[in-house]
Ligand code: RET
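Quick heads-up: it's one chain on its own, the form predicted alone, in structure tokens.
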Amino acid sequence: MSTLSVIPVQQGATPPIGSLPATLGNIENYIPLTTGQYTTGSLILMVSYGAHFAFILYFLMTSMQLAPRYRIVPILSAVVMASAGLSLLREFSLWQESYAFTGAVYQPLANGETFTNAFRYGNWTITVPILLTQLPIAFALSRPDLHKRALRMAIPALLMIWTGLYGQFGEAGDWSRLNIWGIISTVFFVWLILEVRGTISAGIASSPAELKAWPKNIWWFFLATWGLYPIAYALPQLGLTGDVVVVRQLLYSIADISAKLIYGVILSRYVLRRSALEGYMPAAEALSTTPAGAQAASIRGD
């Protein structure tokens, strides 16, 4: 039987920082939750993994409408959906296993089980390089340029994730660890932003005139959604409370759904339009009621 114990605090109060054992890692292992907080956290995680699993079929079906050179884009999104869905399902299981209702609140460390957000970082290690590689593929960059840009984006992305993983274990009170490694991770994030911006610029140059606005919009979408992650990372410094626990899970989940699922839908719609403009009939038929589809049909003489 585990000897782990919860720091006794009143609901909504901040546990004394010096009393938190560093071995427990994430703040979820220290803070009792009300029924509302626990249920909300459960729903957030359930919706997150459910949404990712649900869109696997969407991306696989979408690939059938695309010109052959673009089909890999939604297929990679389906891979991301499967990987993220499994990771979030594991997070959901841990959430259920690590809390127990005591008649008043949900106490962490139920049966000695601990909760960890590290599985998110493990999933990001798999999915983030895939998400970034989708960009140069969708923009139809030359193969040498595609490989170069994918590698140049993947390196800072992985360094950003791994340094953030190490730093987040200081969130229960070791603010120096949390912040120092958070700053290091942010440096890699800025590097990544510069590399993504270069790929976006190449995408604008390579896109048909009718689609040049799409890479620009993807750029702003990237900044808005990926910018949620450092906010969630730093959130425990606002106070070790149940509300902070739930809000952080919400921010991570919104970021994951936006940066993976919605991002994948946007890229799939972009390459569908690009396929139609390049004269691929199934794509033109899928867009037959849109201006892009009508223009493609006109080019073919339909």
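Residue positions are given as counts along the sequence shown, with the first one as 1. These numbers were taken from a predicted model, which means no experiment stands behind them.
Not pictured, yet referred to below: the form predicted in complex with the named molecule.
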Note to self: Just to confirm the contact call: exactly one of 67-75, 221-229, 207-215, 90-98 touches the named molecule in the predicted complex at a 4.5 Å heavy atom cutoff, so which is it?
What the structure shows: 221-229
Margin query: I have T127, F189 and Y233 flagged as a candidate spot, so tell me whether each of them has a non-hydrogen atom within 4.5 Å of the named molecule in the predicted complex.
Written below: yes
Margin query: Taking any heavy atom pair closer than or equal to 4.5 Å as contact, tell me whether A259 reaches the named molecule in the predicted complex.
Written below: yes
Margin query: With the partner left out here, check for me: in the predicted complex, does some heavy atom of Y121 sit within 4.5 Å of the named molecule?
Written below: yes
Margin query: Contact with the named molecule in the predicted complex for G182, defined as at least one heavy atom pair within 4.5 Å: yes or no?
Written below: yes
Item checked: in the predicted complex, G85 touching the named molecule (heavy atom, 4.5 Å) -> no
Next item on the list: State the residue from G173, G164, P108, G203 whose non-hydrogen atoms include one within 4.5 Å of the named molecule in the predicted complex.
Entry: G164
